[in-house]
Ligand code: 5AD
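This document opens with one chain alone, in structure tokens, the form predicted on its own.
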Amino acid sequence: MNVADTERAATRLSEAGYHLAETEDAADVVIFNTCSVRARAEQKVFTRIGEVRSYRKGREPLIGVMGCVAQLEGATIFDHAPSVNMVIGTRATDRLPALIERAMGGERRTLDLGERDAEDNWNVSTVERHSPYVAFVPIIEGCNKFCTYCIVPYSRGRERSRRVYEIVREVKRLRDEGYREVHLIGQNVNSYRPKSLEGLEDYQGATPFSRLLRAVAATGMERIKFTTSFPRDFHTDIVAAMEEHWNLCDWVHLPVQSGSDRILRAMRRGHKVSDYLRRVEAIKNAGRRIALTTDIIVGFPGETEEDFEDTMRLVEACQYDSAYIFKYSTRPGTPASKLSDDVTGAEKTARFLALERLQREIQRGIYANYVGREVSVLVEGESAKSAEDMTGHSSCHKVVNFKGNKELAGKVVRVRILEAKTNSLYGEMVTGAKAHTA
């Protein structure tokens, strides 16, 4: 979501006549796009502001803070970092050029934490996208879930879904511009609920999101992924849509956070372990293999050893392709911050390492099963580790490296897997035989 916000901000600035500087040292305006999901990320921005100020002494640029930290901290940022000239909230991206003009005109503390304009412009210039082959398409922003550990509902506001025709039109345009893959994104992408279902009349589905998936699939875009899904809103019809349309890629990210019903209640997740496992069963029973990934928090306030063992059992049962594991840390401003953080640092570390060992063992087995098989890979560029190798993602969102040249960038190729590494696959490009998504 932050990458998509940066792309929109750069597009609006370019349209207003601004140019991206080669380095921050050469910039007249420096804008920090911030994340507040983790407290550490929030702290980093103030360190970076200080660094910019120190080496630009005597010729300081206008400095702006945008994104979630800006929305949460508001005017207090000016007191915390006096060198900041602008604070731009999460819903003020399209007003960025006007805010810079105000600051340049002498307004000392330029602040905008307001709502989006009624007809906000979601278009992003091809030049400003992070990749010429893969595009992020926001379909919903904000969150209504209010999990007790999460700051997002406070920084991003309530859920707001884009109109159907805007999304479909954008995907068609991206297809025509040569993009090979789109990611439909949102804090809870499958909570998609537009005010009007106009544009979905010809598509069946149990939820607006599953109908939207079918509509986007019908555009002919080669590869379509979506993230992140919220368990409570994950209807099994999503799996049915994926089985009907092969361009709906075989990957689901479904954060569980804990395997203990007691902790899930304390987190206010709105689902039980049994609810989650039913959804996983639908994914696992699909006609083609769908990769499953998740997020897990260990050491949430009140988590006992028994609760943690429940999480270990759930991970064993779900057999995740990969998992993002986090040690709980208090996030000021969330309901959980009022709870006693009674799991010691040593216990959190021990649980993190135990869960990581289990997941690595599971992942090692899953990745090993790819050896000898062919996968479809969108080539995204040169490998960072070897100039002789190219890299990309499979349809099931695994990193795949293989020997190749720069001319392959942007192409979808078939790769036979020769070796399974810890977090990636290595193989050789093949021709002739039909590739199997996996």
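Start at 1 and count along the sequence shown; that's the residue number. A quick note: this is a predicted structure, and the numbers were derived from the prediction, not measured.
From this point on, the text means the form predicted together with 5'-deoxyadenosine (5AD), which you will not see here.
Asks: In the model of the complex, which of 326 to 334, 218 to 226, 123 to 131, 162 to 170 comes within 4.5 Å of 5'-deoxyadenosine (5AD) (heavy atoms)?
Replies: Every other range fails; the passing one is 326 to 334.
Asks: Is 5'-deoxyadenosine (5AD) in the model of the complex near all of 290, 320 and 397, within 4.5 Å of a heavy atom of each?
Replies: No, the whole trio is out of contact, none within 4.5 Å by any heavy atom.
Asks: Might residue 192 be said to contact 5'-deoxyadenosine (5AD) in the model of the complex, defining contact as any heavy atom within 4.5 Å?
Replies: Residue-level check for residue 192: no, no contact with 5'-deoxyadenosine (5AD).
Asks: At the 4.5 Å heavy atom threshold, is residue 403 in contact with 5'-deoxyadenosine (5AD) in the model of the complex?
Replies: No - in the model of the complex, heavy atoms of residue 403 and 5'-deoxyadenosine (5AD) never come within 4.5 Å of each other.
Asks: Hey, in the model of the complex, is residue 92 touching 5'-deoxyadenosine (5AD), heavy atoms inside 4.5 Å?
Replies: Close contact is absent here: in the model of the complex, residue 92 is far from 5'-deoxyadenosine (5AD), nothing within 4.5 Å, heavy atoms only.
Asks: Could you tell me if residue 241 has a non-hydrogen atom within 4.5 Å of 5'-deoxyadenosine (5AD) in the model of the complex?
Replies: No.
Asks: By the heavy atom within 4.5 Å rule, which residue out of 275, 117, 309, 295 makes contact with 5'-deoxyadenosine (5AD) in the model of the complex?
Replies: Filtering the options by heavy-atom distance leaves 295.
Asks: Looking at 205, 255, 199, 138 here, can you tell me which has any non-hydrogen atom within 4.5 angstroms of 5'-deoxyadenosine (5AD) in the model of the complex?
Replies: Partner contact (heavy atom, 4.5 Å) among the options: 255.
Asks: Scan 125 to 150 and note down the residues that get a heavy atom within 4.5 Å of 5'-deoxyadenosine (5AD) in the model of the complex; none is a fine answer too.
Replies: Going through 125 to 150 in order - heavy atoms within 4.5 Å of 5'-deoxyadenosine (5AD) in the model of the complex - the hits are 149, 150.
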